[in-house]
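Encoded as structure tokens, the following chain is the form predicted on its own, with no partner shown.
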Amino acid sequence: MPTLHWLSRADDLKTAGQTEYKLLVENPAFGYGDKDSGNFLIQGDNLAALKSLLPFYAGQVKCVYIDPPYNTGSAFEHYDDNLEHAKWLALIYPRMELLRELLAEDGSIWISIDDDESHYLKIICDEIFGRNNFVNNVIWEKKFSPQNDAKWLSDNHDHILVYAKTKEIWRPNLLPRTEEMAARYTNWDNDPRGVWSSSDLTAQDPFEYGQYEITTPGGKTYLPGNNRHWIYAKEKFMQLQKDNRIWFGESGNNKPRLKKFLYEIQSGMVPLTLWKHTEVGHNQEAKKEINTLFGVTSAFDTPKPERLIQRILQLATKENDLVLDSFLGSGTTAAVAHKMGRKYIGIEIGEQAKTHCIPRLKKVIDGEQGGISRSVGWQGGGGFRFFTLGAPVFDENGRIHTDIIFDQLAARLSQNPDRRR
């Protein structure tokens, strides 16, 4: 398989293995609500934090969503997003390795990225996760109007690369059926089996038993048409007609169509790879959500709308599953996971862990009604624990550091809520 090479690749491939295990030190003063909810917020470098989570959460995370710096050449207030290309690759590679270790066998990772690095990221992910575990490249319509001052083309989309830990066993959930979809099902003939829609009874593939004439109840005759055939042999068609599964229109003289009952089809919609802003939100919606929470002056440059993260968690998780975001930013993933009844671990390196993430999650716990709150019936509750990175656990010889006391190690063992008490 082709691999991507850059200046510091040989060293960067060793980074994850050489990263030290550090203590996760809880600061109860910054936690909030029910501390036994199983939700963590960690402030610190995400590479060290991910390594420190491995002993307790390897193979347990159902969904990873990350929105890493895009390396666009812009100067962001909260991130150094002007990294030279090799440095960006050096940042991404070891973190992807650790994220893969944390994923459950039936888990998936979703990565937001734009055109500048998406193709390089794809090659890295192919190497780490396996090309056979690539699921799709989702296109998110982040803008809905043209950018008239664009020098070349008006960029109105981002990518979301999707990989499964083991594609053979991972399957996305179906999306809830929309009101528009449900409205397509009616019951013109008052069939006791309920509402239905009709579909074409012809196809193009060769089928010798599909060439015959059908007479409607009103006496009109139909052939399948040029270069087409009925999808069922005549005997099967007659059985379906007897079972009132053929629709000839209200007049009884239309070309026959197959009745498909709502109760017989799958309970939701298979997701598409093109996500329109009308379905999952756009940049301006995301900024409005952040501005409402924190004020205009403290808005992030590239927040994601809650509806976008909701779509990902709808597809990738169920209630009480564990979600991880190691580039938490303004806290959107944690907020959405909380409202949807998922457990979460959020990692944020900067002070926005305290200035944005903590206040936002407190508002969620108190029942704030922005974003997706009303659509999911959110009324508040739950809680989270807050941690920072402490001292390395082991010395250069692999022994526990002598300055680490027993109480610190005992506290570390209690940090996984599934192993407490």
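We number the residues from 1 along the sequence you see. Everything numeric in this text was worked out from a predicted model, so none of it was measured.
Separately, the form predicted in complex with a small molecule exists; it is not shown, and the next lines address it.
- The partner is absent here, but in the predicted complex a heavy atom of Leu328, alone among Val323, Leu103, Val336, Leu328, sits within 4.5 Å of the small molecule.
- Put simply, of Pro303, Pro224, Pro256, Pro94 only one has a heavy atom within 4.5 Å of the small molecule in the predicted complex, and it is Pro303.
- Contact annotation: Asp67 falls within 4.5 Å of the small molecule in the predicted complex, judged by heavy atom distances.
- Among residues of the shown chain, Ile349 is one whose heavy atoms approach the small molecule to within 4.5 Å in the predicted complex.
- Although the partner is absent here, Glu368 lies well away from the small molecule in the predicted complex, with no heavy atom inside 4.5 Å.
- Mapping the unseen interface onto this chain, Thr332 counts among the residues with a heavy atom inside 4.5 Å of the small molecule in the predicted complex.
- Only one listed stretch (378 to 386, 28 to 36, 350 to 358, 56 to 64) carries heavy atoms within 4.5 Å of the small molecule in the predicted complex, and that stretch is 350 to 358.
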